[in-house]
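The chain below stands alone and is given in structure tokens; this is the form predicted on its own.
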Amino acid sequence: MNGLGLHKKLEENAGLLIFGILFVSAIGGLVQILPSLFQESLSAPMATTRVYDAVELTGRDIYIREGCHVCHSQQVRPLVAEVERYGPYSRAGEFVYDRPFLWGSKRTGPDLHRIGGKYSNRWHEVHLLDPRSVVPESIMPAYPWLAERAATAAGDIQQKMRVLRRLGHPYTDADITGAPARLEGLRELDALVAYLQMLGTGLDPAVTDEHEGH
């Protein structure tokens, strides 16, 4: 009767019911969140993970500017269907230098986290300029202006790298000083392709067999 009485009291008192829901939810949240705050593997880069160089970093900014992350996710889930289609599932340590991360949740197009090295630079260039010439059923828009704009127009690369260094990205003075020269003569198209070719390539080869069930 005591249990039934308490249950009835909760149902009749909206304020008490809301408090009870929030209290239980808070406990559940803490159980999930607190351990992750002290799990080093979630915040430490993998041994093979590196920062984006000047060209790749510029390409990433262009990727975000053009809204590519709206239709493409960058997180292969640890599910059989996912790894069969895209490759080894994503690890937390691969995203340490992603600010902001681009995991996404909507896939109008395929996940791109393992796209690096899958196609040639030329394939990516043609695909970005005229998607249906290589994928007839594609609904992706074309981005012809990327071939017309200089990569240096995408923003102050040195300032970006200085800010990221303050946040813990291991850029050296030489990296920052030489950044403009790395972009000289390149188009935004070249920078974006460089970024795409780097995606998913920072996974330690020693753990890639996991997705094959060995």
Partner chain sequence: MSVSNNGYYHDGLVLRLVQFSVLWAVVAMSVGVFIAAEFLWPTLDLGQFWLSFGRLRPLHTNGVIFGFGVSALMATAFYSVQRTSHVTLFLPKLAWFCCYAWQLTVLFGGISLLAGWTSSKEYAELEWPFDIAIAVIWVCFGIVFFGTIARRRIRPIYISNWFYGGLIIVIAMLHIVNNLALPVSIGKSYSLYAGAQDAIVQWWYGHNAVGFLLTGGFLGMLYYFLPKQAEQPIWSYRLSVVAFWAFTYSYIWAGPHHLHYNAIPEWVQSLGMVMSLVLLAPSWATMINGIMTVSKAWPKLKTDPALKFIVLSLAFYGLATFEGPMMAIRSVNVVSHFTDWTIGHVHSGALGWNALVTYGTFYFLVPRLVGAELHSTRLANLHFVLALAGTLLYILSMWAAGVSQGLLWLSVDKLGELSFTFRDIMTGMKPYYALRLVAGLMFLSGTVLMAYNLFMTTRGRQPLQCAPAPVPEPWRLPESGYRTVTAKQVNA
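Residue numbers count along the first chain shown, from 1. This is a predicted model, so every value here is computed, not measured.
Form predicted in complex with the partner chain: not shown, discussed below.
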Students should find that, of 64, 174, 153, 181, the residue having a non-hydrogen atom no more than 4.5 angstroms from the partner chain in the predicted bound form is 64
Honest question, do 51, 125 and 129 all end up within 4.5 Å of the partner chain in the predicted bound form by heavy atom distance? no
Should residue 147 be counted as a contact of the partner chain in the predicted bound form, where contact means heavy atoms within 4.5 Å? no
When the contact criterion is heavy atoms within 4.5 Å, does residue 116 count as touching the partner chain in the predicted bound form? no
Consider residue 108 of the chain shown here, and say whether it contacts the partner chain in the predicted bound form, taking contact as heavy atoms within 4.5 Å. yes
Please tell me whether any heavy atom belonging to residue 163 falls inside 4.5 Å of a heavy atom of the partner chain, as the geometry stands in the predicted bound form. yes
Heavy atoms within 4.5 Å of the partner chain in the predicted bound form is the criterion; list the residues of 82-116 that meet it. 84, 85, 86, 90, 91, 92, 95, 96, 98, 99, 100, 101, 102, 103, 104, 105, 106, 107, 108, 109, 110
Specify closer or farther for residue 25 and residue 78: how their Cα atoms are spaced in the predicted bound form versus the shown form, given a shift of 3 angstroms or more. farther
